[in-house]
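Heads up, the chain below is alone and in the form predicted alone; it's given as structure tokens.
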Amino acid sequence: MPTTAHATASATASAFADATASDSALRRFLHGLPGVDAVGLEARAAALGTRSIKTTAKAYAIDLAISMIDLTTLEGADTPGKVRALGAKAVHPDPSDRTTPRTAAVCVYPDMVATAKEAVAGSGVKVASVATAFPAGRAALDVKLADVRDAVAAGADEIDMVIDRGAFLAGRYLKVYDEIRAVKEASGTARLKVIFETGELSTYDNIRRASWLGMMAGADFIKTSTGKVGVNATPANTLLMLEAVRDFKQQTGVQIGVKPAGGIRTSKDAVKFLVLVNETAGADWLDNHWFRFGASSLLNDLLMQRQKLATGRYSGPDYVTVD
């Protein structure tokens, strides 16, 4: 098992003390990372996506994918009843088949954390909460930290924060680094997922820099997106982030998780991402402690495909609940 979150974060900060001593030092480090071959990255992601999965392996992959889902509702119209129903589904995704794995977590806004916590009590399903003025992140730091502390006080096991993309794109890397460090401190024992909003970072080089910046600052997970913009998780940007966590572990010994979010809707998509994980970062990441899917509709398709493998019949959308 990993060391405590704060011990790991402190060790990571010490390892990169020189690189984070000033804005200019951090800029030199991040811009000194190898450039990304966009054509090669996309070609490799596409090639890995063509791997065929046989029936036994597919059944394993479907159950693994279910166990990796952060079942999510992040809408202005969320109600306690909807969150309770989501929690019940996370604990027993298929009430007719209790061999179905639980999901990894439910993910909600801070004001719904207590409701979600009650709904999954005793099950082992985690409660994740978005924070830091999600999804835009346009708020003062003290407001963002209050958002985090409210979620943690309500019982959140995990915090999903958004970085200040404006500061990052302006090259104010130390501001982003310091903010992640402050959020990590405010998160206490909750694991921290750092969202880059890759669709707004424009280039693969920026995604690589953001990945290293987040890991250096103490992220427990790096996450592609909020699911609230046009471009979210893709095989290519997830592959790039998997390469980053692999390389970071080789350099520091610290393992960081990856969470693609938004746009992953089918079992076929999920299996492609699991192949990316296995072939890039390795089998150590094929566990929901280190890899998650940020999704809502994905679970329904996984359940229908699981039923088809078990019975030989495709049940159709009426077989599952509509969230």
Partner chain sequence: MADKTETLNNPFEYAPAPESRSVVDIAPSYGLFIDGEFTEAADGKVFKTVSPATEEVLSEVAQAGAADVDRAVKAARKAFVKWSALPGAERAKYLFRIARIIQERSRELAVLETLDNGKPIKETRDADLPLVAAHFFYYAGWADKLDHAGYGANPQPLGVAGQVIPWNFPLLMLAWKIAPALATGNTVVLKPAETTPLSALFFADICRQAGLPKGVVNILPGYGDTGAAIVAHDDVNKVAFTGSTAVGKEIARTVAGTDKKLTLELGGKGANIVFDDAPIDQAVEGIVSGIFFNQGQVCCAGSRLLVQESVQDELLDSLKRRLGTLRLGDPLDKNTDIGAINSAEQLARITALAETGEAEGAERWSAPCELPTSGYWFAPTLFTNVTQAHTVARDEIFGPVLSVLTFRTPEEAVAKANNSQYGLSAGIWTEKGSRILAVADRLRAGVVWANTFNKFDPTSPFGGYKESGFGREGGRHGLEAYLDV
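As the structure is a prediction and not an experimental result, all values here were calculated from the model. Positions refer to the first chain, counted from 1.
Another form, the form predicted in complex with the partner chain, is not on view; read the next lines as being about it.
Put simply, Arg28 is far from the partner chain in the model of the complex: not one heavy atom of it is within 4.5 Å. Not displayed here, the partner chain is kept clear of Ile264 by more than 4.5 Å at the level of heavy atoms in the model of the complex. Taking non-hydrogen atoms only, Arg246 approaches the partner chain to within 4.5 angstroms in the model of the complex. Using a 4.5 angstroms threshold between heavy atoms, Thr79 stays clear of the partner chain in the model of the complex.
The partner is not drawn, yet in the model of the complex one stretch among 192 to 200, 214 to 222, 137 to 145, 238 to 246 has residues with heavy atoms inside 4.5 Å of the partner chain: 238 to 246. Contacts with the partner chain in the model of the complex, taken as any heavy atom within 4.5 Å, map within 47 to 74 to Thr50, Arg51, Ser52, Ile53, Lys54, Thr55, Thr56, Ala57, Tyr60, Ala61.
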